[in-house]
Structures are given as structure tokens and as C-alpha cells.
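Heads up, the chain below is alone and in the form predicted alone; it's given as C-alpha cells.
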Amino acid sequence: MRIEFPGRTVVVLGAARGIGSAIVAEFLAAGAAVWACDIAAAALDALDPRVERRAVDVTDESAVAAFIRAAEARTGAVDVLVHVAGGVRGKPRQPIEDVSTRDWLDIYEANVMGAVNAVRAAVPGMKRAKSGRIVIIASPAGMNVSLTGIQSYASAKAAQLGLMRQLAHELGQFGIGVNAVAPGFMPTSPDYERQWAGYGEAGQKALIERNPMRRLGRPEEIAYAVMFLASPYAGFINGQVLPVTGGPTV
């Protein structure tokens, strides 16, 4: 099985670090024309110079739409849309009674409305092309509880899965597949590096030992799952979440 994307336009939102940058690199290596955006503008400079890069806040609907339009101007439509942006947005774990509305919405807007903004902008072109693949980077937190302990993050990740399923139902008739990948924990961004450090040596060891494969995942392993779901090999897979976690834990 060879998964390649020559002549395809791939847009990755939340592309500057970790999982996002690995997705960019793997699609680029597979021949795609990759457009990458992130709110962390300086971090985008580390990406391959062949990647089209823009500083974009995914909660800004007009900025996301302009970014998608720029990508479409080259080829007519986005072939693959990957929403990675979100995370915990630097928010700390707090008792629910201490969580402010603004802190709650900051996480929800990036994870859920960021995906909505991207999909709304890209879908018209996909409909015209009668094809497209949308992949949302979700989390096991949306299917269980969150290791972060952050209520709005768990809620937002559950909402992403509901959004994914509903979009799959709506858009399948237009040749557009919508799926999600749920990565296991990996310390690949400042927020998750702090979380990892907070476990201490004993907590880190316990987390790894609970995993059936006795290790953490790697960003490129998430990228491979995304590429499979974006490929013709997954042409009849729609509305599904693929956990990439090393296996079930107890």
C-alpha cells in the first residue's frame, strides 16, 4: 500500500508544532501542496520552506475564510482539510466552580468553533469538486475523561466528535468524508510539556506502564493515521473516530 497525494491541496490548521507539524511534513513528503496556519506565527518558520504558511487565529472566522480562499485560488478546492488547532489554551486545572466563562469559551472556541470555521470555508469548494476529506484531531478525552482534568477541554473534545458525525452524515452525499483521529497523550506542545513535567518521574512511569505498548506515541504515528483517512483506501470510511493510543488502558 502506497499513500501519496501528488497534485493534492492539503490545509492544516494548528500546524506549527508537534502533531500539526508532523502532519505537514508527512503530507509534503507524499507529494501534496501543503498550506499551514497557526496562531504561533514565529513557530511556523521552522516548517519546510515549500509549505505555504500563514499566521491565523482559528477563532477568527474571516481570517480562516481568507486562508482557505488563498489555498483554493491555486487549485480550485481544498482536497484535504485537517483541523489540529485547539488544546487547553494554557488554562490550568481548576474546580468547576472556579472556572470563568471566558476561560471555558477560550477552549471551546479554538477546538470546536475553529473546526466549524474551517469546514464552513472549505466545504463549498469540496462540494463543487464532488470530493474532499476532512479530518479532525480529537482526543480520548472526548470519549472518556481527560487526563488534564479540564472540564471545558473534555466537553470540547466530545463536541468535536458530535460535529464530526453530523458532518459525515450531511456531507457524504457530496463525496466528502469526515472522520477524526484521537491521539494518546504526548508532550509535544508547551501545555502538554507542562502537564508531563507535572506528573513527576513516578507519574510519568505509571502513565507509560498503563499503556499496553509501554511507551508514548510519536507525532508521525498520528500523521500516518490522518493520511490513511485522507486517502482513497479510506474512501468508504465516514463518521468514525480512530484512536491512536497504543491500546486500551485499565
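All residue numbers are counted from 1 along the displayed sequence. Fair warning: this is a prediction, and the values are worked out from it, not measured in the lab.
This protein has a second form, the form predicted together with a small molecule, left out of what is shown; the following refers to that one.
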Determine which one of 107-115, 69-77, 91-99, 170-178 lies within 4.5 Å of the small molecule in the predicted bound form, judging by heavy atom distances; exactly one does.
107-115
Whether residue 133 contacts the small molecule in the predicted bound form should be assessed with a 4.5 Å heavy atom distance threshold; does it?
no
Please determine whether residue 19 contacts the small molecule in the predicted bound form, using a 4.5 Å cut-off between heavy atoms.
yes
Using the partner position in the predicted bound form, report whether residue 28 sits within 4.5 Å of the small molecule, counting heavy atoms only.
no
Does residue 223 reach the small molecule in the predicted bound form if we count a contact as any heavy atom within 4.5 Å?
no
Please state whether all three residues 11, 36 and 125 have a non-hydrogen atom within 4.5 angstroms of the small molecule in the predicted bound form.
no
